[in-house]
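Presented as structure tokens, the chain that follows is alone, the form predicted alone.
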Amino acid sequence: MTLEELEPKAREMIGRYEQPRAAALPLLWLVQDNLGHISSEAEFWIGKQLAMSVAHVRELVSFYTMFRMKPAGRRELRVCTSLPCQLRGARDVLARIETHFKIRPGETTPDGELTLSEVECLCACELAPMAQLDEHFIGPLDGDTLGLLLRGSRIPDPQPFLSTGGPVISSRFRYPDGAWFETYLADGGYQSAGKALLHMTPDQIIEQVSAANLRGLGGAGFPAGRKWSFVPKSSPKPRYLVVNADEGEPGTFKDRYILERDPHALLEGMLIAARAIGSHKAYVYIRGEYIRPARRFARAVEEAYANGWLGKNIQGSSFDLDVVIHRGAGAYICGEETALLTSLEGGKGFPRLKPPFPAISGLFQSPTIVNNVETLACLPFILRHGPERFAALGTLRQGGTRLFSVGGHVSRPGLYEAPAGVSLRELIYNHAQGIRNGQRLKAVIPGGISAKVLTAEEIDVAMDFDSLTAAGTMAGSAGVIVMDESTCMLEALLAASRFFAHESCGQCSPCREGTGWIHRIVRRIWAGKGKPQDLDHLLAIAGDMEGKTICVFADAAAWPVQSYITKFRSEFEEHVHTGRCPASREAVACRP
């Protein structure tokens, strides 16, 4: 296929957006998916289609890690070595793959068949250690599964543990191929959307969501109804609903299963939210690695259009809503809502100063509400069963349940729906069946890799936003990473610092320089070359990063440094003074 042959599809893609340059990432994907990589010629072609300078196109190609400027193998194997996978042996898995195929990350086999990549978190931590082979997530890559991969044999779909008992979201997770339109409708689907469109005013919807105590479940925890109320009623500009499906926090994999197994719940929630804020155009920003989830969600969108639940005059309500699916391309920072908007408009994922907040001036400088997938998927339950029932499931200030992603050293990694106030101890020992192989608990990260770590003595804490904040950490994305007594806390911090150094967008110098500086020091200590002043230097650098940048990425990078060193200082000091790992029974030096 040639670039000229792609032009009709390119024009159709551009037509979906209010501004042509917003189609930049879709056009880059169009070229790469059809031609294998993005050549200089293709950069000029894309610039011409969008009236965009070729320099800006090159900026995008170099910023987003999933775009390639050179040809790769026919297939790509992306091995995750982020902390949740590292805890389950990802380094050894990668070494075996390198030995078998005789290539290192970034290289392609001589026959051009396979390109190997080492990547940060793919958000499939329930399968750790895992990898992505083309569009398929495979794992756990131990024993037979790794053998099948190395032999080139067919690998069966993973069978992780998923809650299916609800009550709010997970009941339809029992359908591995997805709860499609007829199934969803038979289960009471779209009743709440019909109620919102035909029998409720926007203010009434906002009042019910506020009464339910629904808080944003992407990590910030801001009350959803209150957020919607910020949209100015008198603005002449169009209003946009943007769905944040750019799930990228290590330890977290909840949104992926909603997209894959219950996509109509998200669509129904979007209809309710759009009605509440007066939006007639919704964008769903899905992380680039989520190929199958995006494809399944796209099928649900087609079904909704075909059955009159999207488009013009939905179900005779005189309400219109169109949905555009927008695929990211490998940038964790785009999970931050303003960076997501910048990316959606065709730029690098740079966060914006606030105020103005997106509700006032967001996408295309218009009022915009950005909501997480799980937040929106809760809305059908609230309108169908009433806000009181949802509120009663949770705590005084946070209603409902949450989807808790539990990984690391537990006997049963998986996705658990539980009341917002469930204790961390109950999640680990009742739901995830305790620490694997009879080991003792050492540490837990309760809300994704950005959250401050808790010790084994601190797990009698409720998992709602307020309780974890009071405990000195945060609920975040509810990604629970469990570490047993064999864990080297220095190596855990090395994985976290590598992640933040890799994912910093580079816009703010305290973050750009601080994350790299921290990673270099931690790596030097890990290699047995630590200095007595290193730990205090790390704490000082982390302190100087907090509150100094446009977004909270720098704060999130600082918190693991502060909490790991403060709570496990003696272990870090032994690394510095002896060059050996006290967590190892053999007391060996950590490998460089």
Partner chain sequence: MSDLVKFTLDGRELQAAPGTLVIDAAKKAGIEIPAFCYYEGLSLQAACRMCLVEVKGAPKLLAACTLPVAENMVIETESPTVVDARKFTLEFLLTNHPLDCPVCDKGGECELQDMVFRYGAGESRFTEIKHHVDEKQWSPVVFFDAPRCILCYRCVRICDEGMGVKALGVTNRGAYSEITPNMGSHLECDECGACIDICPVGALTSGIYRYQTRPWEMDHVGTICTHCGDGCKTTLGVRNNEIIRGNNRDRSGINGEFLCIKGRYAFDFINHPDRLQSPLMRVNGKLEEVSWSKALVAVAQKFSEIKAASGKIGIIGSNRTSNEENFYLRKFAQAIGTPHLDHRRTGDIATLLDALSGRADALATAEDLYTAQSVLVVGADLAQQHPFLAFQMRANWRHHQSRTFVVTQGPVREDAFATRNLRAEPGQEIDAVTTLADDLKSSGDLIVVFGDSIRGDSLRKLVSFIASLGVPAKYICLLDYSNSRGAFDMGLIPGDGGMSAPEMLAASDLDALWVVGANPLADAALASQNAFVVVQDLFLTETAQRADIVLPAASAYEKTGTVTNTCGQVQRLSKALNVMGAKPDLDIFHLIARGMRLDLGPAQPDKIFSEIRATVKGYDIPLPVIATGGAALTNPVNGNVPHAAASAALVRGSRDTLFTSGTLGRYSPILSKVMEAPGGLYRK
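Everything numeric in this text was worked out from a predicted model, so none of it was measured. Positions refer to the first chain, counted from 1.
Omitted here: the form predicted together with the partner chain. The next part is about that form.
Against the partner chain in the predicted bound form, the set Arg58, His502 and Gly514 is in full contact: each member has a heavy atom within 4.5 Å. Taking a 4.5 Å heavy atom cutoff to the partner chain in the predicted bound form, the contact residue among Tyr305, Phe319, Trp180, Phe350 is Phe350. Gln507 is the sole member of Ser366, Thr109, Gln507, Thr395 with a non-hydrogen atom lying within 4.5 angstroms of the partner chain in the predicted bound form. With a 4.5 Å cutoff on heavy atoms, Gly330 counts as touching the partner chain in the predicted bound form. Among residues of the shown chain, Gly547 is one whose heavy atoms approach the partner chain to within 4.5 Å in the predicted bound form.
The shortest heavy atom separation between Lys48 and the partner chain in the predicted bound form exceeds 4.5 Å. At the 4.5 Å threshold, heavy atoms of Arg520 reach the partner chain in the predicted bound form. Of the stretches 149 to 157, 307 to 315, 429 to 437, 342 to 350, only 342 to 350 has residues with a heavy atom within 4.5 Å of the partner chain in the predicted bound form. In the predicted bound form, just one residue of 19 to 45 lies within 4.5 Å of the partner chain by at least one heavy atom: Phe44.
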